[in-house]
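What follows are structure tokens for two forms of the same protein chain, given separately as structure 1 and structure 2.
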Structure 1
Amino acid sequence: MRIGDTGLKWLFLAPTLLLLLFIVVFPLIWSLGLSFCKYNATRDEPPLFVGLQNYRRLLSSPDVWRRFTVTGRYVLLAVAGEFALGFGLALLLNRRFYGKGLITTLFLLPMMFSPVVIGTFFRFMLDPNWGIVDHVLSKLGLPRIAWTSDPRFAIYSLVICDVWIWTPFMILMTLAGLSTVPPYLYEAAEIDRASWWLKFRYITLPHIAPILILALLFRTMDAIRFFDQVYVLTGGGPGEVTETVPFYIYKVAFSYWRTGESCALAYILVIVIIGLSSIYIHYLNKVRGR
């Protein structure tokens, strides 16, 4: 029996499709079903369908909205800091100078490490007793700061850690956008004696705006769902000051064992991410003239 080209194609694709179905599609459908049920994974009881009760309870809970506030604050500070630093450094790197390749590679190194490793690294660096950051502050005559245990500064320790990891991503995306700007436009602007601001405003920015919005989209989506650094660096503390929504989902699922509620909250977070992504895509299409 001969197998045609179409049959051969599906024969090779079948193992991959089955694997994706098992590890991606099935868990999504199963967790969506559990979000409408009262279910505890530690008990030998079947899920009890409760409709939208989990969603109503979560959306009316002050605790959940407090976690969303913490997450929004973190995302705003982290993404804004990464964008500002990444964009500025990319503009500096987008010129010819000795050692450019080495310096660019060094700037990109933080993105290559595991977030858990970097979170542990920053936990040691920011330790108020023997961390290098507070040691430098004391040498400068400044007071030591309990970065991870003081409610006033705990969120900033997470922001600093995330900015250090993901600023290279913004640098990389901005450099990719800058490389697409046609050189003849700058040459024409030089002939017209245009200032650096006019060249930036009317040549550089319009050409790289789509890729900047795309970079902000990726970083915003990733920052909303981040978990690693919170777990390693602050553990959600002190108190609940740094408990983001993903960390709270983890607590509801594996500390309180309210599996149905954790699935519902996860899908609420997915809806928020989809909504924010739609806004970014709207502006992306607007910038691209569609």
Structure 2
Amino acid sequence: MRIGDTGLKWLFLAPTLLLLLFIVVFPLIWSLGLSFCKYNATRDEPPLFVGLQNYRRLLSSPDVWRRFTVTGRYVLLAVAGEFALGFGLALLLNRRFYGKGLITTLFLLPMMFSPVVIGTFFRFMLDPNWGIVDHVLSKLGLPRIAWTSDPRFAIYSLVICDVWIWTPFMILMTLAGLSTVPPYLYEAAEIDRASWWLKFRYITLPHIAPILILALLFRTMDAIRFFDQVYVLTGGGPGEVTETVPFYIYKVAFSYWRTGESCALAYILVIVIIGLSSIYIHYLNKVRGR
């Protein structure tokens, strides 16, 4: 028996579509339903429909807004740091030198490592008693800092760790962007004796802008989505000053067991993420359209 193209198409797509349907779509619809209910997953009582009560309470709660502010600060600082450092290093790595492949790959390594494992080890390095970081600071005559437990610095311990892991991603993306600039443009500019800045502003930047926006989009989304580093570095503390939204959702769902409420907050986060990514995509299309 010969399978026709249509049959083969659905045969090939079936495993993927069925898995996504059962493990992503179905749970998401279920949790949308739960977000309108009072429900505790550890109890036998069935979910109790309460309408918009979860959403109303969450959106009017200063606790929730504070977590959004913390998330915003963390994401902004981390992504900006990664961007600046990664962009600078990529400009250097894009020039001619010996051992280019090896050195570039070495710089890219950290983004492949498990963030939770790196976070755990950064906790050790940032420890005020046994950590190497504070030892170096004191050798340089700078004050020791209780990185993960001082409310003023705890967020920076998260930022430092995230920047170390993800600067390589910005290097990778910037290098990719730089490789798309046709060399003859620089040669032409050379003949016109254009300054470094002019070449950068009118040749390099327009060519790499789309990929840079894409890089920022990826990093912003990932920094919002995951809470690995928060879990191991600060545990959201001291107090709750480094509790980001996904970490808070995790606590509401799996420590306080307010399952319905956690589903509602999860949906609020998803809406924020969709909104943010459409802003990025709008700029991306604008830059590409030029």
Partner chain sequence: MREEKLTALILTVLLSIAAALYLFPVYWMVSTATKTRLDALSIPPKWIYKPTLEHFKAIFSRGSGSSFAHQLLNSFIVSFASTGLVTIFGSLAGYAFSRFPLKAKDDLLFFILSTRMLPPIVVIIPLAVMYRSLGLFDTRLGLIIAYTVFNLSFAVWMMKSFVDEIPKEYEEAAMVDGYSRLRAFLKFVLPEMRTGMVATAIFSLITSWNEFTFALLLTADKARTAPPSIAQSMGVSGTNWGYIAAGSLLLVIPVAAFTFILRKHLLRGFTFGAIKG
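It should be emphasised that the depicted structure is a prediction, and the values quoted were computed from it without experimental measurement. In this text, rigid core is short for the largest set of C-alphas that superpose within 1.5 Å between two forms. One-based numbering along structure 1's sequence throughout.
Participant: Looking at both forms of the chain, which one is the form predicted together with the partner chain?
Facilitator: Of the two forms shown, it is structure 2 that corresponds to the form predicted together with the partner chain, while structure 1 does not.
Participant: Inspect the rigid-core superposition and answer whether the C-alpha of I274 shifts by 2 angstroms or more between structure 1 and structure 2.
Facilitator: No, because once the rigid core is superposed, the C-alpha of I274 moves less than 2 Å between structure 1 and structure 2.
Participant: Keeping the rigid core fixed, what distance in angstrom separates the two C-alpha positions of L13 between structure 1 and structure 2?
Facilitator: Here the C-alpha difference is 2.7 Å.
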